[in-house]
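Coming up is one lone chain in structure tokens, specifically the form predicted alone.
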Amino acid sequence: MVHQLDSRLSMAHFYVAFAAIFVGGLFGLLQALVRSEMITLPPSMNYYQILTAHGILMAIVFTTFFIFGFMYASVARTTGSLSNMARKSGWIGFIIMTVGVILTVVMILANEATVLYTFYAPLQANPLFYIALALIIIGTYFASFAIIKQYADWRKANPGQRSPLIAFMAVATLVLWLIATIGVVIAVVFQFIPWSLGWVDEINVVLSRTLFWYFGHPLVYFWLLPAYMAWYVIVPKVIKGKIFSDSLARLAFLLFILFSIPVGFHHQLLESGISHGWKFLQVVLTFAVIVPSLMTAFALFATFEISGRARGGRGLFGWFKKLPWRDVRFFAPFAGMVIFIPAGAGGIINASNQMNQVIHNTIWVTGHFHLTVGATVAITFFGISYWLIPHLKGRVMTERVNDLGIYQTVIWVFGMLIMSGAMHFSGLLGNPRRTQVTSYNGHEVASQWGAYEVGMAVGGSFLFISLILYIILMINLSFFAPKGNEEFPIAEASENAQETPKILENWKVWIGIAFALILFAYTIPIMDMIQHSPPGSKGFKFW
């Protein structure tokens, strides 16, 4: 059981996450309806304003708060109740993050920060927007300290023992986060805030975008790794199986740290100011991240097969039928895994130099993003919340909620496939992203996109219906479900797995390698951007 005081800390994060996904989802629906020309926004609101709010609330606020809520619970479940210092640091982080979120939303709603969630220069927002983003990052540092401190205390109290796998994974995710946020912190503190305050007249645009994508690409893995935590550790217990290999799981997480950070240039393949050689290097490193992804796929499906055969499954795929398909704790994360297959394939296309030329500024990229984060990550988080929320609240998930959870997952998957599919196909036809009006006065090329725009609106509508059902179920599980004890499933490693080498938990080695790769991939290009940069840009506001 998770201690009651730790449960409150987790639940506080989940409440913010649920509010963010509901409001952000509503803005997403409005976007789809506006873009398909089904509705018109009131004069007090514009498309790019709700596009900014949707991106930040869904991709930053929902994910970050949910992840920390999940991590606090996971670490407390496996290493014991949080220490007073860790818990205090966690609450300080929560307060700072929440203040940052409120200030961010106020600035967006006031139409002072319609700069999309990437806040690309030379679009310039109110200084308070950048300060609010800095507060969110600072808050996560307090939260990270709380979790890493708890993990370090456990290792000190248990010398020579292998740490709980899910706690190790939480720390690996935070190591990635802490290293990745260096880029965005430097950009916000030393470029955007002084520039927006008028202390400097111009901003180095290519440097600011490079620092953003130094952070922006590993940010995707900050979202994905907690989903992997559930896939590796939670799902095997749900299906009454074992973790295929503790060593493989830890190595996969370490490789994600190494290969997901020094690769941001593959988001800038069409930008000038970066030599082709450095772009090529980072594209190669990008493809290296396929290795831990395939390791994960192998380990998970090995776990499924072993568990299915233990239940009596026979033949080549007989074990598949034995998996607990009517248990939302398994069904939802599995749906996320399956969707990650086309999402990952799309990522390979995005990172490929020639193919990126075709899809770069099209809505294909938006469709890929929704498959990865809006489907794979979000559906796995849904699956986690169906058992974790009642566990933390001392309640149980009834069969009715379980069944409704499966319906909610199916509707979400259905809606996402329609919306994301329309984005992918129309992107191949040239349909642009980050654009409200796509009719272009009836041009014959643009006329091909109309049906897909309607498809996006239909898919978005299914997604919002699913979201409403999800929020209703979360309210039920938080306050109205029958009282009792819901299991926090933590699987054990297979007895046939080999002993985990100690080198896999030597953080000095792995963090050192990560910084060596980063310095190799970024030092010379950034020096070049500083020494030979074109004239900087003043700020622009087009709203």
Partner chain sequence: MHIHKFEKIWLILGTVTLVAFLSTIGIQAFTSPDHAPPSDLTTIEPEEVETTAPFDEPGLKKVGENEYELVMILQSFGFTPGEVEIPQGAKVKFIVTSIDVVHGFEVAGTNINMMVTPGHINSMTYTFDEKGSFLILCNEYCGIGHHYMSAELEVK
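Residue numbers count along the first chain shown, from 1. Source: prediction; values computed, not measured.
Unshown form predicted together with its partner chain; subsequent notes refer to it.
Visitor: If you check in the predicted complex, is residue 244 within 4.5 Å of its partner chain, heavy atoms only?
Guide: Yes, residue 244 is a contact residue.
Visitor: Given that its partner chain is not shown alongside this chain, does residue 322 nevertheless sit within 4.5 Å of it in the predicted complex, heavy atom to heavy atom?
Guide: No, residue 322 stays farther than 4.5 Å from its partner chain in the predicted complex.
Visitor: Heavy atom to heavy atom, is residue 358 within 4.5 Å of its partner chain in the predicted complex?
Guide: Judged by the heavy-atom cut-off of 4.5 Å, residue 358 is in contact with its partner chain in the predicted complex.
Visitor: Find out whether any non-hydrogen atom of residue 112 is located within 4.5 angstroms of its partner chain in the predicted complex, and reply yes or no.
Guide: Residue 112 lies outside the contact set for its partner chain.
Visitor: May I ask whether 27, 80 and 401 all come within 4.5 angstroms of its partner chain in the predicted complex, judged by heavy atoms?
Guide: Negative, none of the three is within 4.5 Å.
Visitor: Which listed residue (191, 362, 350, 372) meets the criterion of a heavy atom within 4.5 Å of its partner chain in the predicted complex?
Guide: Filtering the options by heavy-atom distance leaves 362.
Visitor: Select from the listed residues 413, 274, 171, 103 the one whose heavy atoms reach within 4.5 Å of its partner chain in the predicted complex.
Guide: Flagged contact: 274.
Visitor: Pick from 326 to 334, 374 to 382, 422 to 430, 171 to 179: which stretch has non-hydrogen atoms within 4.5 Å of its partner chain in the predicted complex?
Guide: It is the stretch 422 to 430.
Visitor: In sequence order, which positions of 439 to 455 have a non-hydrogen atom within 4.5 Å of its partner chain in the predicted complex?
Guide: Sequence-ordered list: 440, 443, 444, 445, 446, 449.
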